[in-house]
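First comes one chain, alone, set out as structure tokens in the form predicted alone.
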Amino acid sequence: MNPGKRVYIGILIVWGTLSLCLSGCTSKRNPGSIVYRLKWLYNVSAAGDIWAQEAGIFKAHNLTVDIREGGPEQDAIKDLELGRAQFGVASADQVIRAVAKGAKVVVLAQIFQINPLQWIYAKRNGLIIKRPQDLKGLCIGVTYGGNDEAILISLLRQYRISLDDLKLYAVHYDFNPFWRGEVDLWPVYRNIEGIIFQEKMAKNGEQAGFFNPSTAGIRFVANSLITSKKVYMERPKMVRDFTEAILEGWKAAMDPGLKSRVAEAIHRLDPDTPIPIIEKQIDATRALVIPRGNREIGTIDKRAWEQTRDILLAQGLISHRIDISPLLAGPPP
């Protein structure tokens, strides 16, 4: 389980502020619908998917879509391979590891341009982290075996920082070590629990800071839209229409003018997260999803995928180097 999942589950347990909504999405399930498996539970990281359903974008593309939650027991790639879903969401490390073991999947779009997995800290006693060297002497929370460990190890190697220069703390479900100041930095999803941590800290009179590994050159790709190679080859029009609908949903969901309506749609599926929090989560998500320059939402960053593969290979998380190019197919022409 990656650190984002563990931290998120902990928040559900400790605060009860996020939802374990197990109901269906806004479409009724029926045997003829397209099954779309999310990476995680209904929340702001699925804003564009939820809005594509809510706003009738799928319907406008003549698609009937059954959006299903992901989670520890719901693997999108496995569902694609078993024919239980036609589309899914997975991070690059999940895709690359699966392909290294023989999975036949392709990437249609990259939703997050910046990985939301970051570290939060309190700006107390003059602490401001602007560069990796600022981590020296600090205690950093890390989920052993999770993506945050892979990212941190890659960062330390790139900047030649020894593990002896800092202290690592094994992250579990108990957040008290962070609140007591025993751990300086704690891994969070910047756009989800990062907002909740930030709000809690503000109520305690503290200002939150975030250390974003991508600003130090570590680009570890997060949520991307995928399908099986079989579906891609046999149903190109459906794949193209679905990809267009998803990206249209994300473009609309990131429109500031629609923020309140999108937040309400998310809240219906994630009722335990207050709408004002969801609105702040949308703002944070926008900064992670919209590419810089004139690139479109969903643009695949090949170099970032290659870097993700190289990180996995260097740390022995895949056994051999794989060619990234065939995976990054994009929608059929």
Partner chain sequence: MKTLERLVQFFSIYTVALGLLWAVKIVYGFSDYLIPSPLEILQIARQNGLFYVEAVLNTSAVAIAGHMIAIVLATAVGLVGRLNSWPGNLTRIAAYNLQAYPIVAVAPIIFLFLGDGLSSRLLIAAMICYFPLLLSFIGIFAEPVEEVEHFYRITGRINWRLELSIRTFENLDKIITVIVGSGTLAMVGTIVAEFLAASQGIGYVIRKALYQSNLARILVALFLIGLCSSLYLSLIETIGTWIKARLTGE
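Residue numbers count along the first chain shown, from 1. Bear in mind that the values here come from a model prediction, so they are computed numbers and not experimental data.
Absent from the display: the form predicted in complex with the partner chain. The rest refers to it.
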Q.
Test of understanding: in the predicted complex, would residue 176 fall inside 4.5 Å of the partner chain by heavy atoms?
A. yes
Q: May I ask you to state whether residue 82 is within 4.5 Å of the partner chain in the predicted complex, using heavy atom distances?
A: yes
Q: Please run the contact check for residue 249 against the partner chain in the predicted complex: heavy atoms, 4.5 angstroms, yes or no?
A: no
(Q) Whether residue 160 contacts the partner chain in the predicted complex should be assessed with a 4.5 Å heavy atom distance threshold; does it? (A) no
Q: Using heavy atoms only and a 4.5 Å cut-off, determine which of 237, 167, 131, 172 is in contact with the partner chain in the predicted complex.
A: 172
Q) Pick from 231, 98, 89, 114: which residue has any heavy atom within 4.5 angstroms of the partner chain in the predicted complex? A) 98
**Q.** One stretch from 132-140, 250-258, 198-206, 102-110 that, in the predicted complex, holds residues within 4.5 Å of the partner chain by heavy atom
**A.** 102-110
Q.
Given a 4.5 Å distance limit between heavy atoms, list every residue of 63-78 close to the partner chain in the predicted complex, or none if there are none.
A. 73, 75, 77, 78
